[in-house]
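Presented as structure tokens, the chain that follows is alone, the form predicted alone.
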């Protein structure tokens, strides 16, 4: 495989993982965002999906963000009758964000990002060694 091609593919992977990290950060930042009234829903967790896209210039599949959707799972409920968003029974709907799941996704994203960085560094080293041999 062409070394420049591997660098471009790793860079595409880093870009996708960077976007995934942004979505995870948004989920964590809003894990306590509830509605202001009983009718208003709290923050809904976002999920990112990827797709392989053929890059004709590179003649290779590279990863790209497909779409960012909302997680349709149920909201959790917390008993707090004094909250303005509490229903008649005193429950407040809370976001469907699980901090542990988000932290695990964040760890996986960091590892993928780091793997792409290592690919770029290895490619750069091989290019430098090739140039040294040719001198």
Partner chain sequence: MSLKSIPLFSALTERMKWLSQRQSVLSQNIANSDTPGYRASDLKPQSFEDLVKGSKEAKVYMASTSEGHIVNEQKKPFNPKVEREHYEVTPAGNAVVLEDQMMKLADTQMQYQMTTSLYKKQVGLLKTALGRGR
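Quantities reported herein were computed from a predicted structural model and do not represent experimental measurements. Residue numbers count along the first chain shown, from 1.
In what follows, reference is made to the form predicted in complex with its partner chain, a form of this protein that is not presented.
Contact annotation: residue 118 falls within 4.5 Å of its partner chain in the predicted complex, judged by heavy atom distances.
Under a 4.5 angstroms non-hydrogen atom cutoff, its partner chain in the predicted complex lacks residue 22 among its neighbouring residues. Put simply, residue 78 is far from its partner chain in the predicted complex: not one heavy atom of it is within 4.5 Å. For residue 63, a non-hydrogen atom is located within 4.5 Å of its partner chain in the predicted complex, even though that partner is not displayed.
Of the stretches 53-61, 93-101, 68-76, 25-33, only 53-61 has residues with a heavy atom within 4.5 Å of its partner chain in the predicted complex. In this stretch, 94-110, the one residue having a heavy atom within 4.5 Å of its partner chain in the predicted complex is 108; the partner itself is omitted from this view.
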